[in-house]
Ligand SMILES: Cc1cc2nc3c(=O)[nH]c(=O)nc-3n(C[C@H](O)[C@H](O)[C@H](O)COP(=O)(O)OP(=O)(O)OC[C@H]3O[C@@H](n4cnc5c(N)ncnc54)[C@H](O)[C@@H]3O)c2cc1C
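The chain below stands alone, shown as C-alpha cells; this is the form predicted alone.
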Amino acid sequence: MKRYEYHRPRSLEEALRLKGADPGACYVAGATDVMVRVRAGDLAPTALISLRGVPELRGIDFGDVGRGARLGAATTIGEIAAHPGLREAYPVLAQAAAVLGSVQIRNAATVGGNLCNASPCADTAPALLVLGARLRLQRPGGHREVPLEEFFRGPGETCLARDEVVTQVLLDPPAAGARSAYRKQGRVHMDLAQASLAVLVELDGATCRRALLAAGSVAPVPLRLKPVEALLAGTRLDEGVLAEAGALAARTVAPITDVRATADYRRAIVGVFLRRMLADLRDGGARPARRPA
C-alpha cells in the first residue's frame, strides 16, 4: 500500500480548506470502511484528512422528545447505541447501532462514515430512513440539507459534491405512540447483513395508521418499501394482512445473489421479518435486532 499524507485538522474550516487544496484527498473518521477499500486497491486518495479531531462533527444534541435530535457525523456508532435518550425515543436506531460489527468497530466507526460509504448493507441506513432523517452537508461558504432518501445514488455513490462533507444527521421528534424495531440476518455473528429491515408503525389498537419500512442488502441502495407502506396504512394488522404485507415486501425488493446469500433467500428473509416484526409491534413488544448465530 502506498504512503499518504495524513492531515489532522482541528476545525471544520481547516478540514474544508485542506480538501479544497487537494481535491483527491479523502475524508476519514473511523476509517473502518475507507481503509478496507484503500488496501483492496478500490480507492486511491492522494491524502487522508482525519475528521476525528473536529469538534463541530462530534456529539449528540438531544434535550427532550419535542426537539428531535442532532447527531454529529463523527459520532461513533457505539455512542449512539449507548445513549439512553436515543434508546428511548428512537429504539430502531439504537438497535441498528448495537448490532453493527464488533464492540471495537462500533467504538471507531461513525454514523457519517456508515452513510457516506453508501453500502446497501449499511446498518444505520434503514433505521434512519424510517425516521425520516436529513443530512446537513457543509461546503466552503454555505450548507444544504438533504433527505437521507435522496442521498444515496447507487452502491458507493451519494449526492455529495466534491467540496462537501456531512456534518450532522437531523431527526424530527418521534410521533407520539410510534413503535419501531430493527432486525438483520447474517451468516455468522458480526457479519454484514444478508438482509435487514427497519419498521416504524403508528398504531390505534391493532389498526395501523401509518407505516414506514426500509430494507438493507436487498437493492442497490437502502430501500424504502413504499408499496407495502401504502398497503398497511389504515388496515387492521390481522394475520391475513400480515401475510399479504410479507408477500408484497418480498416482491418489492430487488436483491442479487452473491457470496453471502441468494436473491431468493433475501426475498424470503424480508417477508418473514416483516410479518414477525409487525406482529410483535402490534402486540406491544419487539424481538431482538438479530438472533444469536
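Because the structure is predicted, anything quoted here is derived from the model rather than measured. Numbering starts at 1 and runs along the sequence shown.
Although not depicted, the form predicted together with the named molecule is the subject of the following passage.
Using a 4.5 Å cutoff between non-hydrogen atoms, G186 does not count as a contact of the named molecule in the predicted bound form. Using a 4.5 Å cutoff between non-hydrogen atoms, R37 counts as a contact of the named molecule in the predicted bound form. Interface membership of T252, defined by any non-hydrogen atom within 4.5 Å of the named molecule in the predicted bound form, is ruled out. Residue contact check for A261: none of its heavy atoms lie within 4.5 Å of the named molecule in the predicted bound form. Partner contacts here mean any heavy atom within 4.5 Å of the named molecule in the predicted bound form, and among 102-110, 83-91, 219-227, 205-213 they occur only in 102-110. Each of A73, N114 and A122 places at least one heavy atom within 4.5 Å of the named molecule in the predicted bound form. Of the residues given (E149, D172, E157, D191), D191 alone sits with a heavy atom within 4.5 Å of the named molecule in the predicted bound form. The listed set L128, V201, V166, A181 contains one residue whose heavy atoms approach the named molecule in the predicted bound form to within 4.5 Å, identified as V166. Residues C26, Y27, V28, A29, G30, A31, T32, D33, V34, V36, R37 are the members of 4-41 with a non-hydrogen atom no more than 4.5 angstroms from the named molecule in the predicted bound form.
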